[in-house]
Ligand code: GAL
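In the form predicted alone, a lone chain appears below as structure tokens.
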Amino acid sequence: MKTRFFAPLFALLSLTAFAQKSPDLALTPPMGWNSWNTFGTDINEQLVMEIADAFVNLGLRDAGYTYLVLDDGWMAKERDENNQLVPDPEKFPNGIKPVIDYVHAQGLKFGIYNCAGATTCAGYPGSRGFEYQDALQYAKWGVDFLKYDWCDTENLNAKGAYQTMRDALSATGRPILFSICEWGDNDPWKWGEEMGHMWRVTGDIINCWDCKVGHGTWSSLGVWPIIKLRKDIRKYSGPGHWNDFDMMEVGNGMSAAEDRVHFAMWCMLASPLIMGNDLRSASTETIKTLTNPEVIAVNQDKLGIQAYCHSDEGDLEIWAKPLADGEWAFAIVNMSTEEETLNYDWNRHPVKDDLSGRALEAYKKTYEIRDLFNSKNLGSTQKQLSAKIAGHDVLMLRLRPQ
């Protein structure tokens, strides 16, 4: 009997067998913008180009924001005769490729959306059964980031479904950041590092400090419910694999102080910093918050350790985050709507992170204290730290050993 050798099929199987996510992406939390929070499916090529221009003109690109991600609703309602995804001809009359080229020309990277199910959350064609075909299409277009949702996934296994798309992306040969978005339902932090670069840990965020808004079978969560819901998963996050606390609502209706808290906490938690506001109409205060280099540096610290709640006595919560080179970041949040006074004796409150084994022992070593939002020095840990913190505001600090 003659043995028949199917080279193309063997090559594909070999690629799949050794497939892995792109290993050199997201070594620090990804930074960018996503269309969903503000625009839903009301998107088009003009919006994308104007947002790309805003990245440049507002200094966001230079601050580190890289990815412009187009969420659900970019495609036509049906695939074409070859089962290829087709951009909506009214929203994108020139197709997707020229839009991606424009984004790249601004020095940015382009992200796109699809879903592991038969349809997306907004009812457009999903990738179920078309994973390799869709991944190849994205690579041909020049896509750099895929957000992959979890609607219409009856009878699918989450880990298996995301592995299939991971393998499909790997087989294209193009480095594409893979964002897992199954809302934390199947504990993606336990298997996500092998499959993707970031994974959502909760359902959708909404622009409020502390609320829960029901939508029938699911609910949107405010900033603090999201933070508190997954407080015990920090050990799963690190360089190349991040707990994603969802796109940010900075600039979408909360107060300037609440926006600062929101941004500070996403930086402390080492969450991807994905903006969700309309950059074209963003206020000066919003852009000042989003581009603060000293706060962003906490998020982008090379150790990639997620913060933990050090103290929550009274109305002040203190969050601590070990940084590289023996430094520390602290976010002291006023949970009350009234001004609170902080009097903190570093010698009486030793700080130790059991996860990293790092300790801040002020009785042994002196640390210089930097106020990050106000860009000023506050002395050292040799003295008690006294400060007034407005309602729903934050004092964010960086401590450097002398």
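A residue's number is simply how far along the shown sequence it sits, counting from 1. This structure is a prediction, so every number in the text was calculated from the model and none was measured.
Another form, the form predicted in complex with the ligand, is not on view; read the next lines as being about it.
Q: Tell me the stretch among 100-108, 208-216, 81-89, 147-155 that has any heavy atom within 4.5 angstroms of the ligand in the predicted complex.
A: Flagged stretch: 147-155.
Q: Hey, in the predicted complex, is Tyr113 touching the ligand, heavy atoms inside 4.5 Å?
A: Close contact exists here: in the predicted complex, Tyr113 approaches the ligand to within 4.5 Å, heavy atoms only.
Q: Using the partner position in the predicted complex, report whether Asp204 sits within 4.5 Å of the ligand, counting heavy atoms only.
A: Yes.
Q: I'd like to know if Arg200 sits close to the ligand in the predicted complex, meaning any non-hydrogen atom pair within 4.5 angstroms.
A: Yes, Arg200 is a contact residue.
Q: Using a 4.5 angstroms cut-off on non-hydrogen atoms, would Trp183 count as touching the ligand in the predicted complex?
A: The answer is yes: Trp183 has a heavy atom within 4.5 Å of the ligand.
Q: If the criterion is a non-hydrogen atom within 4.5 angstroms, does every one of Glu294, Phe330 and Leu372 touch the ligand in the predicted complex?
A: No, the candidate spot makes no contact with the ligand.
Q: Just to confirm, with a 4.5 Å cut-off on non-hydrogen atoms, which of Tyr67, Trp346, Trp36, Tyr367 contacts the ligand in the predicted complex?
A: Looking at the other structure, the residue within range turns out to be Trp36.
Q: Tell me, which of Ala256, Ile287, Cys121, Ala76 has a heavy atom within 4.5 angstroms of the ligand in the predicted complex?
A: Looking at the other structure, the residue within range turns out to be Cys121.
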